[in-house]
Every structure is written in C-alpha cells, then in structure tokens.
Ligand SMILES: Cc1cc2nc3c(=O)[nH]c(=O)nc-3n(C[C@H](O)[C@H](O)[C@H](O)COP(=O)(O)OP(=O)(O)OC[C@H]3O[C@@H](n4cnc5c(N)ncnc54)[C@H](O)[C@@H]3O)c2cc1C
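Just the one chain here, laid out as structure tokens, in the form predicted alone.
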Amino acid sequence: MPTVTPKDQVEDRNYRNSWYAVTPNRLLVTLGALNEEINCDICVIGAGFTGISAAYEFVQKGYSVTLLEAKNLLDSSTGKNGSHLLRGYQLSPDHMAKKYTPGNARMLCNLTLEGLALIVGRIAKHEIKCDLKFGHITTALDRDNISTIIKRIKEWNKLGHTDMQYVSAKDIPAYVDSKKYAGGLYDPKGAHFHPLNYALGVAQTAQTAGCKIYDETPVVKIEPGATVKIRTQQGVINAKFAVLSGHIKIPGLPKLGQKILPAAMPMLATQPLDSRISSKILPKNTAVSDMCGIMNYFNLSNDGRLLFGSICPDIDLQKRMTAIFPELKDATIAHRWNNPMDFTLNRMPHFGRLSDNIFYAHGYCGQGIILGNLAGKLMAEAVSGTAERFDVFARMKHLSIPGGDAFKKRLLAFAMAWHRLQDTLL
C-alpha cells in the first residue's frame, strides 16, 4: 500500500527546499564529515559563493586547500540564493565617489564588472551548464523612479560604463509586460542563471585540481597563531591561512556578526507556466528587479517557472506576484524557501583580517553572487602578496549594530515597516 505524505509535510518540505536545490545537474562527491587531523596551506570555512570561489582561486595558484561546509553542500546558501548577476552596489556611483573618492569609486564599480566576467569566464572555460541568460532590467513605478534612473545612467556614464540603456513606458512591455511599470534601466551585461549548478561546477573543478571538500563539518573553534588550528566536531585542521566566508559564528573570535544585519528573504517558484503566458510576461527572458520600497525581483527558469523573491521577510509573495502579473492568479506555487542575506549599515561589503593569516568577507547586501565570487579572488590575491584591491574594501569603516539577535530582528522589522509604508504611498 503506498505511503501518503500529509499535505502540511509536503508544504514544509517545499518551503525548506528551494527549486535550485532539487534541480542539481551534477553529483559532487565530498569527503563527508572530517574525522581526523590534517595539514594544509589554506583552510576555507563556508561553501557559499565566497568560499567556493576562494577555494578555486587558491588551488589554481598551487596551494593545498581544504574547504569546509557545516551543512550538506546542496543545503548551502548557493542553493537558496537569488539568481541575478548585476554590476554595482547598494550605493550609487556618485555616492561612492563622494565617500571613497572618484578614483576608488571607478575602481570599485569596475571590480563588479570584473566579478561578472570572472563568473562568465569560468562557465565558458569549464563548460558549466547553469542556464546563463544575459539581460537585466530595473523597473520604475513612477516619475520619481524615472528621474532616478536617468540620473543613475549619467553616473555610470561618468565612470565609462556607457552601455546602460533607458527604457521608456512605451517600450517596457518588450521586457516585462506589466501595467505596474512606467519605464526602466536595461543592463545588457546583467544576467541570471542557476546559482547552485554554477557553484557545483566551480567546486568540482577545484576538487579535481586537488581541493579537499568536507561537508557536514561545522567549525567549533579557531585558534589563531602562526599556524591556524581549526577544530571541528570530530577533527582538526592545521593551516597556514584561514578564510572565513559569509556570516560565521565561531567561539573565541571577534564577533563579525556585530557588523551585519542577517535576514532570511522569501522566494518562490511556480509550476512551469504555459509558454504563451511566460513569453507574454517576460518576452526577452530578462531578469527583473523593481524600485518598490520593498524590492521585488524575478525571472523565468529554464523550464518556464517564474522565480519570484522580495527583500522583506514574512511577506505575501503570491499577492505581490499577482499584483504585477494578474494572469498568474491561478498559478500553482511549487516551492517556497528563504534566501539568506547579510546587510551592513553602510551598504557596502565587509572585508578584513582578524590576524595576518585569517581573512574574512561577508555583508554583501543582496549582491552576494558577484561580490562573493570577487571576494574569493581578492582574498587569494591578498594571501599571495598582492593585497591592494582587497585593502580598498578592508579600509572601509563599518559601524557595529548594538544589541543581540532580538534587537536586530526589531531593527529589521522597523526598516521593513518603513519601506512598506513607502509602497502604500506610491
């Protein structure tokens, strides 16, 4: 007699498992949980984009590398992430020029294009099948948004990025067919892809080159010194350098979490849509993020699902999706999950050193795909003796967020309430 899974258990499973995590296109066989003492040049802790990118870059440079992930590799952040690749930061180019000098602003913005090229280059070089599609549009809701877009294009032009394109209200349906939007900014170099399949491809390439990958291996303690001792539940790693990727809480180290506001942002995936609907709502298969106070972002998967997310916890995604696309009111939701994000108060990533041989990078403010991959490369450069570009980020001042996790949740709730009010006034 067949086993019947209760409806609430099915919904819970679908909530926890992203569409990406159930559609990997390759098997990566790890070494499982570490249960011995080993030595290496570099120990990378955390197998998100930063960690996988760092492991790849270090092993290409000839270092012996060990990569640790606390969870199963398929359950890491790369399997829950949004899929958009977009140049820039949370701060506008002009704001960055005032804060960090025009020269540094130009370099920082160019670095995000380099990060994008880094990803595209790896995909091509290693033939990673991850459904890469070019084209991203930021959509405006009103005249104020249009003014901001025109200003932003001029700012990018001053930095030499002259390929950004203004999209009028008349032309916006060619990119996203919704009455909600009054225009947009089209970035031809922006893109979307399957983030987990990309990450698995890079990790497998690093593994083939000699990187040892252990998952189900949480780190319980790090002991700084000339040789860094990383203790796990059942093993020990002695490394010349350690790299902390992402928001990692480890006893005995300075509390890096004081610099960030962590959040779990909701995403969903519909069942595959009828091709007549999918080709109508997103005719060019473009990735979209809008300028709502609480931003929505979405794109089509390779099998015709709408993948839809927001930067506000505990929000009705389906209601927001159908407000943009009324034709999806009867669409079945196949998966729901939470996309982990880390925000800093100054809206720039948090890079640095805990000692001469312990590096960290996190706090990407929703742009972790490009910035995380870039951080992995910059940390490999710094360890190899070329730290100038890493140090541009490391010199940025970051305010601490007072209080514990409970206060951070209240602070996040207050910020989201303010942005929701802005949305209702539009």
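Numbers for residues come from their place in the sequence shown, where the first is 1. From a predicted model like this one, the values you see are computed outputs, not experimental measurements.
Heads up, the form predicted in complex with this ligand isn't pictured, but that's what we're talking about next.
**Q** Given a 4.5 Å cut-off on heavy atoms, tell me which of 39-47, 25-33, 57-65, 393-401 is the interface stretch with this ligand in the predicted complex.
**A** Flagged stretch: 39-47.
**Q** Using a 4.5 Å heavy atom cut-off, which residue among Asn81, Ser278, Asn145, Thr205 comes into contact with this ligand in the predicted complex?
**A** Flagged contact: Asn81.
**Q** Only one of Asn197, Thr112, Thr270, Asn339 gets a heavy atom within 4.5 Å of this ligand in the predicted complex. Which one?
**A** Spelling it out, the residue with a heavy atom inside the cut-off is Asn339.
**Q** Decide if the three candidate residues Tyr181, Ser301 and Arg305 all line this ligand in the predicted complex, where lining means a heavy atom within 4.5 Å.
**A** Spot residues vs this ligand: no contact at all.
**Q** Tell me, yes or no, whether Gly246 is in contact with this ligand in the predicted complex, where a contact means a heavy atom of each within 4.5 Å.
**A** Gly246: yes, in contact with this ligand in the predicted complex.
**Q** Any of the heavy atoms of Ala380 lying within 4.5 Å of this ligand in the predicted complex?
**A** Contact check for Ala380: no, nothing within 4.5 Å of this ligand in the predicted complex.
**Q** According to a 4.5 angstroms non-hydrogen atom cut-off, is Tyr364 in contact with this ligand in the predicted complex?
**A** Flag for Tyr364 set to yes.
**Q** Taking the shortest heavy atom distance, is Thr286 within 4.5 Å of this ligand in the predicted complex?
**A** No, Thr286 is distant from the partner.
**Q** Looking at this ligand in the predicted complex, which residues in 215-236 have at least one heavy atom within 4.5 Å of it?
**A** Contacting residues: Thr217, Pro218, Val219.
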